[in-house]
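Let's start with one chain on its own, the form predicted alone, as structure tokens.
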Amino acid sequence: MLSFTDTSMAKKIAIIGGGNLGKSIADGLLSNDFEPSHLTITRNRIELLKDYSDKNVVITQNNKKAVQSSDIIIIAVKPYKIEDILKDIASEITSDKILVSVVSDFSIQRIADHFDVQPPILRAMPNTAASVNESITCIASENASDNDIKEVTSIFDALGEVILIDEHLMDAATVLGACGIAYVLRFIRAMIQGGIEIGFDAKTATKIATQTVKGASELLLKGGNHPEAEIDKVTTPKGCTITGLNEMEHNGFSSALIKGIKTSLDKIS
């Protein structure tokens, strides 16, 4: 994980939409020592952002004002709201600002169509783990310069890991990386429920399950092995691991997950 570039630290950032994802991005920035007074967050229900105001973050309901005072604008609203937001801020968009959309299923071209001038526009898809600096963020661009991409990448690098992809894969990135948080959490919840059923209290089962998932991820990230190679290390002939795995597969464990991922993609494609 990288820190901000010197120029990124000096830039002012506006997050248009202080919902769950917008706040996760803000939390990640602040935990990496981004200057609070250089960060603006907008939301209609401004009272829900009091914690940020207490940290000296600029809070406003005025999207135009937020855009005027910022160099990089991150649009983090629900998909059904983005048209209205773009119309609202269009008059304040200039070619020297960088626009980043974290809105799913809304292309760079559709964003550009709202402006008379053409600022650099990028799409980014982080996930809510940005709040703990463990997001995976996929970034796509069309008209952005190498320096613009570097600026935006440095922001999201500070929130976890970044991958540059082609825009046609952004919907797939949304499903695998952003929706994927929910898939993994549902798996962890099931592990905890199973742990309780075999004798642990909820707190202990949660600790064991969450650390086990973290450890499994680190094995792949640091070891670079295929998951099956790590699975082979803990499956002995006629052992309890392979018996449990086979029972899960007989009940459609892997196929259910794959079908869920494909169904999510169908929903937003």
Ligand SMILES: NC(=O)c1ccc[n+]([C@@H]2O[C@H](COP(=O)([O-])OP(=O)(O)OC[C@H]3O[C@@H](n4cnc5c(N)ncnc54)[C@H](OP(=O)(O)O)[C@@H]3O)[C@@H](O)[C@H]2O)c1
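Everything numeric in this text was worked out from a predicted model, so none of it was measured. In this text, rigid core is short for the largest set of C-alphas that superpose within 1.5 Å between two forms. All residue numbers refer to positions in the sequence shown, first residue = 1.
Keep in mind that the form predicted together with the ligand is not shown, yet the notes after this line are about it.
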Contact flag, N246 vs the ligand in the predicted complex, heavy atom cut 4.5 Å
no
Decide whether S70 counts as a contact residue for the ligand in the predicted complex under a heavy atom distance cut-off of 4.5 Å.
no
Please check if I85 has a heavy atom lying within 4.5 Å of any heavy atom of the ligand in the predicted complex.
yes
Though only this chain appears here, would V77 touch the ligand in the predicted complex if you measure heavy atom gaps against 4.5 Å?
yes
Any idea which of 187-195, 147-155, 163-171, 103-111 reaches within 4.5 Å of the ligand in the predicted complex, heavy atoms considered?
103-111
Consider the chain as shown here, without its partner, and state which of N56, Q211, N44, T241 has a heavy atom within 4.5 Å of the ligand in the predicted complex.
N44
Thinking of A14, P119 and S141 as one candidate spot, does the ligand come within 4.5 Å of a heavy atom in every one of them in the predicted complex?
no
What residues of 114-141, in sequence order, lie within 4.5 Å of the ligand in the predicted complex by heavy atom?
M125, P126, N127, T128
Using the rigid core as the reference frame, would you say K203 shifts its C-alpha by 2 Å or more between this form and the one not shown?
no
Quick check on S255: with the core superposed, does its CA move 2 angstroms or more between this form and the one not shown?
no
With a threshold of 2 Å on the C-alpha, tell me if N246 counts as moved between this form and the one not shown once the core is superposed.
no
